[in-house]
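In the block that follows, a single chain appears as structure tokens, in the form predicted alone.
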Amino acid sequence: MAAVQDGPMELDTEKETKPEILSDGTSKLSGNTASGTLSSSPLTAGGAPKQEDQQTLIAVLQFLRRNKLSESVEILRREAGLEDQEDSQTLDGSGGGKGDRDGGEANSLLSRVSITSAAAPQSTLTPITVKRANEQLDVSVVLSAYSQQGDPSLYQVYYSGLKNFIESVLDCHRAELSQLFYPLFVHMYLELVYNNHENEAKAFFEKFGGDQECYYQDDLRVLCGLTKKEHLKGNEVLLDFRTSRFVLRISRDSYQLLKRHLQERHNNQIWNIIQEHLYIDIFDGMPRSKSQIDSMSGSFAGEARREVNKVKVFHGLLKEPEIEVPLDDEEDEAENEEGKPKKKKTKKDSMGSKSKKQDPNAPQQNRIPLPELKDSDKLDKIMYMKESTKRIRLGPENLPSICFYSFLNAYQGLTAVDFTDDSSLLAGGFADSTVRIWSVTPKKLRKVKSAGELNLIDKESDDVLERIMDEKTASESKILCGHSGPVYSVSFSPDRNYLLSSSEDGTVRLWSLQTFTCLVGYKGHNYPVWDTHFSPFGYYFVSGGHDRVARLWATDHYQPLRIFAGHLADVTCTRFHPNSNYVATGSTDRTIRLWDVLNGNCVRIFTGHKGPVHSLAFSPNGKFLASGSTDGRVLLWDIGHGLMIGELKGHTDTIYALKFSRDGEILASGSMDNTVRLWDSTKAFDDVETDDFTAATGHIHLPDNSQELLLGTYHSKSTPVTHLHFTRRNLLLAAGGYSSQ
């Protein structure tokens, strides 16, 4: 791995000190978690989060002063904005004059802040609150890097010179070096704005804004509204862009070409921006083509660094527990002619998602604590195995039947749908803050009897489970009230006893499907919670929201067990891996991240979508991940190698639903374009050859075979597809709210 820092040109190395501090803090934030101790970090403005940032800065200043690096101390103070005390009202909130800046500012800062444990960072969860609780100070410090600027009238000359150079080089280098245009454009524009050159900034934007890639247009619309220095303070998008360091992957030959050009032209302005704000991931070998670069581009902070996707991921399935099938069921199967169920069962077990042998890529059974199987769970497993013997084997010549549930007259606005695993219940979340549950079988929904009535029941009777249900409450649907804002997601537990719902009110609620009442309200998100999802084994669940983090919970804990922080925008969708050891999250920062439940580390970052990611689905064998976005594309990812392996194009609007069939042969996608599309996932995965060179360099060659993989397109009359679900026999269920528009 080589970074741009390997060749400094007319730039003091100390200038990297401050940006490195900020980027390190961000990377630690994205890779660590804590369990159950979230409440220990206070959220008060001006509390511990602010003090910890000061302590870090003080520790660095102390080290530099102790080693008599006075020049570095001055540069760090200037870069950290310590000279601009009037703007930031001083670090402790008291006024500070200019008189003590030249000699004693660092000392006065030391005297004002306690540094009892400056060398040892506190809980890694604490920085999560910094962006909210101490936003103004952070932005002020971050923006101070833009104070070092040249002649504003020459910015267009610098950028035009680089643009002309890149357009004149060989085609093989042009595609790679063109990646510099967008991040350089943004940072040069922000420098002009920060230094109050409003007219020059406007002219710069008008001249070069239209040259940027189309998938950055949404970001540019936000950027063009930032025309004054005051607009920059408190802007989260800007803060993230500045601290995350835009990642570019460039071959060594292209990089040397760029470096030589900037040296010959003495273009220090461009070089300073590259050094301070960009991370160039240099690789040896042939430059990538335009199509290869475009397939990985589009995210808010550039591509993922290659080392991030080299961590070992245990994507195999856990060994299924041994469950004995009752003897009478075996006899019934034996009586069937030719023993077809047995043959089909064996075949399905080898093709399906449930593994009888220990997968070499599977995690240890006890890697994370999982709930023990109850008797009811074992009975459900037996029912699942019996139904799997009647499962339809899908393929290009045998497509599934599709049953579409349209919600009519849903004036309260359907926002979320989910089916139970056995397809017996359907839940809908609505914009009027209610959750509604329907039985899609003849069996009606009933509540448990009151405590007084339960005391009268013979608990030893064989039909005790029926007797405890109150027939007077039987109905086809139930309404759950409790949220104070629109419900954005619902998720059934695997045992069908509970339902999760997340809402704009910032809470996740756990509902009992025995009493149809709310059991717990989980509070941790400070903003709307866009998605929540139960683990395949129950007990654990994950949530993601507008606060840009995902949280891992257990149903019997009020506080989250893990906080997955690292996304630069809203976490819009979440999914558990089939082995429950990993969680995938999709975001409006146009990336997908895979998190390790055990330690909370981010083990995969996938870039390539050109719009916010709204749907995720793991293949039944756990090896692959599918993602859908507002760009209308479905992208396929190899989790083990950390690479994109397929692109499915055909939808014309946002894809909100993805689901693999039970055997993994078919991938179904549902979109706001009112269609369900079926794709040959087996062919998509089998056609991919991932060699060591591809895995090491990220040079992917995506075949343009969407039409070959598309098996069928099914149109609804006027119903956007909100949810997809394959029954245990591989019937496809789809759901959405009818739209008359």
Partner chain sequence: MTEREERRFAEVPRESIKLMAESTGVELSEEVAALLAEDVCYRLREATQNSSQFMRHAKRRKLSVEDFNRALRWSNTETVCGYGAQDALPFRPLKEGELFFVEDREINLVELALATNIPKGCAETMVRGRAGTGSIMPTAVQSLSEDLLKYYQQITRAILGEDPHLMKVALLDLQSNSKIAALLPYFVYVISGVKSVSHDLDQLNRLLHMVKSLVQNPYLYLGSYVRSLVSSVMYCILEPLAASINPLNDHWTLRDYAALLLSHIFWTHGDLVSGLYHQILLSLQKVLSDPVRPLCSHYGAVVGLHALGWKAVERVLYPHLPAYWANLQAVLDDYSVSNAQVKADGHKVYGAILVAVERLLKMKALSLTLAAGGGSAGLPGTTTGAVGFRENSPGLSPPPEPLSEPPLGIASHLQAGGAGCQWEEWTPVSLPAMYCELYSFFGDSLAVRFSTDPPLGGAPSSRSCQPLEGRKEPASGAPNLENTRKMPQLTASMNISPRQDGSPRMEPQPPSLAATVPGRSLARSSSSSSSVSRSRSSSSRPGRSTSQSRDIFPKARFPLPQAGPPAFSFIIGGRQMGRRCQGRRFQTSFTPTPPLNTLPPRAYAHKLPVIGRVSKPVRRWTCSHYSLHLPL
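Numbering follows the first chain given and starts at 1. Every value quoted in this text rests on a predicted model; they were computed, and no experiment measured them.
Missing here is the form predicted in complex with the partner chain; even so, the following discussion is about that form.
(message) Contact with the partner chain in the predicted bound form for residue 199, defined as at least one heavy atom pair within 4.5 Å: yes or no?
(response) Taking the distances in the predicted bound form, the answer for residue 199 is yes, it comes within 4.5 Å of the partner chain.
(message) Taking any heavy atom pair closer than or equal to 4.5 Å as contact, tell me whether residue 402 reaches the partner chain in the predicted bound form.
(response) Heavy-atom contact with the partner chain at 4.5 Å: present for residue 402.
(request) Give a yes or no for residue 722: in the predicted bound form, does one of its heavy atoms lie within 4.5 Å of a heavy atom belonging to the partner chain? (result) Output for residue 722 is yes: heavy atoms within 4.5 Å of the partner chain.
(message) Residue-level question: is residue 714 within 4.5 Å of the partner chain in the predicted bound form, judged on heavy atoms?
(response) Output for residue 714 is yes: heavy atoms within 4.5 Å of the partner chain.
(message) Check for me whether the partner chain, as it appears in the predicted bound form, comes within 4.5 angstroms of all of 182, 211 and 272 - heavy atoms only.
(response) Looking in the predicted bound form, the three residues 182, 211 and 272 all stay beyond 4.5 Å of the partner chain (heavy atoms).
(request) With the partner chain left out of view, choose which of 228, 381, 207, 444 has a non-hydrogen atom within 4.5 angstroms of it in the predicted bound form. (result) Of 228, 381, 207, 444, the residue with a heavy atom within 4.5 Å of the partner chain in the predicted bound form is 228.
(message) Can you work out which of 541, 530, 314, 618 has a heavy atom no more than 4.5 Å from the partner chain in the predicted bound form?
(response) Of 541, 530, 314, 618, the residue with a heavy atom within 4.5 Å of the partner chain in the predicted bound form is 530.
(request) Quick one: find which of 281 to 289, 262 to 270, 366 to 374, 405 to 413 has residues within 4.5 Å of the partner chain in the predicted bound form by heavy atom distance. (result) Result of the contact check: 405 to 413.
(message) Pick out the residues of 596 to 629 whose heavy atoms come within 4.5 Å of the partner chain in the predicted bound form.
(response) Residues within 4.5 Å: 612, 614.
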